[in-house]
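Before any questions on how it binds or moves, here is one chain, the form predicted alone, in structure tokens.
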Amino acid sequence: MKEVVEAIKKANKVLVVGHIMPDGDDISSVLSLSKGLRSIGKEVISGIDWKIPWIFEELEEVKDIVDYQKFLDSGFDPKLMVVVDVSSPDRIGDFQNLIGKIPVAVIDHHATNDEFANFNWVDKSFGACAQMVMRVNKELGVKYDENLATINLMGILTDTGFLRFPNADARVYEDATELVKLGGKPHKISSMILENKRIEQFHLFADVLEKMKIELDGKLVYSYITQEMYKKHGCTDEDSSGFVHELRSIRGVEVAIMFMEIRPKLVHVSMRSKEWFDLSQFAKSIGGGGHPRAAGASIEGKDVFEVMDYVIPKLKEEMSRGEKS
């Protein structure tokens, strides 16, 4: 952490970048670090090379996040790029073009991180990258107000399933408590994330349930969404981000998978497990990454059915081997 902090201290212009297909922890980490750095006098641009899901638009700061093209158009000349919540350079979209041109620092908690930056703080023991950002901000002397505390808290709550997942350890509760004491509003976050669904999402999920398959004596559940299904209900991949959690909630299930056709010949595989199956290593074997209980991969050049035909047999073999051991 100290190397990353020192690199930030030396840079007067900083680009803070998150990953494509951003989730709550990623957006929280980008915005929390960006706001923190601005508060101590840094010039900062926040970058995510992907459309921000509409559910986060209630946060005013989201409008400040730019994609790679808008970053180029800005003429901003960063002296350091800080990449948060990202395990490999391909996950930052076209921002990876800057690697090798300017110094890069990474703050990340994924076990599959390949430490691709000049300065790497990677610690898989944290439940959320937002916890690490909180420590960097504190080390830099950032003063928290209600707004910053709420945004920072969002990352902790979303990446721990609102404190339901196994990664919600004592340190998670301590950090969340500290942010609440600083003014963080957990009810605002839960309302925005959990109680803000469109009716079209329910219609799409009904189709997902109709196509759901349960195998391995109920331990594996999976379903899929094609481009046609998204279009039928007026939805996009933003609307299906929480579906895999619903599948995992089925009694007796160990692993749940959603196969989502983001666009023709690009399929995102979102995976969750409950108790014993390590998804991080399996995700890595199919070109992705993540955590033991939450991981994913994006596979190009195949349609959703081809991806399922590739992933499911491989996963069933790994699950059978893991259960026996």
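Sequential numbering from 1, following the sequence displayed. Every value quoted in this text rests on a predicted model; they were computed, and no experiment measured them.
A second form of this protein, the form predicted in complex with adenosine monophosphate (AMP), is not displayed here; the remarks below concern that form.
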{"property": "Answer range among 48-56, 265-273, 28-36, 66-74 for contact with adenosine monophosphate (AMP), defined in the predicted complex as heavy atoms within 4.5 Å", "result": "265-273"}
{"property": "Partner proximity in the predicted complex: A297 to adenosine monophosphate (AMP), non-hydrogen atom cutoff 4.5 Å", "result": "yes"}
{"property": "Partner contact for Q131 in the predicted complex: adenosine monophosphate (AMP), 4.5 angstroms, heavy atom", "result": "no"}
{"property": "K219, heavy atom within 4.5 angstroms of adenosine monophosphate (AMP) in the predicted complex", "result": "no"}
{"property": "Residue contact check: R248 to adenosine monophosphate (AMP) in the predicted complex, 4.5 Å heavy atom", "result": "no"}
{"property": "Partner contacts for 74-98, taking adenosine monophosphate (AMP) in the predicted complex and a 4.5 Å heavy atom cut-off", "result": "S87, R91"}
